[in-house]
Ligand code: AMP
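Just the one chain here, the form predicted alone, laid out as structure tokens.
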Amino acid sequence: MNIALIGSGGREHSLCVKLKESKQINQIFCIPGNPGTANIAQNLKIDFLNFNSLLANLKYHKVKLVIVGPEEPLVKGIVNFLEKNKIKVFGPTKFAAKLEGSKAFMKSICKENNIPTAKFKICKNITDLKKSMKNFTLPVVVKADGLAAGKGVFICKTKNKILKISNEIFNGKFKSSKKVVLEEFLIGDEASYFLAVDKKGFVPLGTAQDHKKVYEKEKGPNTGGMGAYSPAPIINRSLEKKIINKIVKPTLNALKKKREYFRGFLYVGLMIKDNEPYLIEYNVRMGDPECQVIMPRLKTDLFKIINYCLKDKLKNLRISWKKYKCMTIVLCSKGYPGKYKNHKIIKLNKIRKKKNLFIIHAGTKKQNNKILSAGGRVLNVVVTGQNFFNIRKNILSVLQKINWQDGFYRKDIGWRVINKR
């Protein structure tokens, strides 16, 4: 079977590496892909948001299945479009994708179904916001309602900052957002729980913890993720049951009540406080960089999981895991998440291939046989092993060999688990 993988980041490269292991796949087309996927699949330079052009190319290359990596095409209805045109596609419908595409929608689902989450208020304008502020104590979390590439969440310690950030959102800082969600600031440990979901059930797909803050010791602005590790020790079996019974099942049942359903990867973003889970956010796809640390640990054929999902038979599937742990550190362009320069040469020739090492491309391009930077988050160095301390040590050694003068990275990824050794 020929399949297509939509996206160009580290998540998609990581998915491509795992899908390449399957004996059931003839050819993988990555749309548009990156220099990393080009080594193991065929990249197609197509604008995947131009659905008609995408469809024509899928038919030309005899693609039977499309796997959607990023959130934007899902929120814009790519699944509905492809299904209407008789092409199998793995991912949620436009309606179900609102779980990520609209924080206001997600919070409303929580309120209607008693799903534990931080106290919140949805604000449509500045007048509404000023009234709502009186019901919160500082600090307050301000969120843009729509997609914001991981940059739409702000922890505000003063009322002036709340007003400033909210005004920017109302005035179009993020094109997808016309509303602001004010949210209570919860203190606890963040963790991510992943599932594959179909119309009749779901299977867990691992746990991870990532580091959103740009600087060490969790300082600076939020990013799309500076590093991650899996599994997340904080999610034990007792807590997992709570996550499923208090959060996952009520959400999926809420969609069914609306005569809708969810199919695809579901990322449950959590705050753990006193061994109780609170829903912070949903993502309707694999996380990035969490995907990069979950895929290497997965023993079961990913293509098999996707096939079971498309046939609504996930309940009959048993997932197997490799016995080791995994971590990634993200190599970023200097200046990220603010302004940074692209087209900077990165040399990877000093890195020897190893079974437990993956160099995952996130924001790169190839020009004249040279790898150049093409984004804020440029590479993921991923290593597997038996303990996080040694894994991180190996990653830092690789990053030192790359020695990219135009980039930076955090050296304390995994501090929560390493400091507690």
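On a predicted model such as this, the values are computed, not experimentally measured, just so you know. Start at 1 and count along the sequence shown; that's the residue number.
Note that the form predicted in complex with the named molecule isn't included here; everything after this is about it.
**Q** Please determine, with the chain shown alone, which of 255-263, 89-97, 141-149, 340-348 has non-hydrogen atoms within 4.5 Å of the named molecule in the predicted bound form.
**A** Only one stretch passes the 4.5 Å heavy-atom test: 141-149.
**Q** Given that the named molecule is left out here, which of D189, E184, D312, D128 has a heavy atom within 4.5 Å of it in the predicted bound form?
**A** Selected residue: E184.
**Q** The named molecule isn't shown here, but in the predicted bound form which of N222, N85, N113, N167 has a heavy atom within 4.5 Å of it?
**A** Of the listed residues, the single hit is N222.
**Q** Can you tell me whether E281 touches the named molecule? I mean in the predicted bound form, with a 4.5 angstroms heavy atom cut-off.
**A** E281: contacts the named molecule in the predicted bound form.
**Q** May I ask you to state whether K334 is within 4.5 Å of the named molecule in the predicted bound form, using heavy atom distances?
**A** Flag for K334 set to no.
**Q** Would you please decide whether V214 lies within 4.5 angstroms of the named molecule in the predicted bound form, comparing each non-hydrogen atom pair?
**A** V214: no, not in contact with the named molecule in the predicted bound form.
**Q** Is V153 close enough to the named molecule in the predicted bound form to count, meaning some heavy atom within 4.5 Å?
**A** Answer yes; at least one heavy atom of V153 falls within 4.5 Å of the named molecule in the predicted bound form.
**Q** Select from 103-129 the residues with a non-hydrogen atom within 4.5 Å of the named molecule in the predicted bound form and write them out in sequence order.
**A** The stretch touches the partner through K103, A118.
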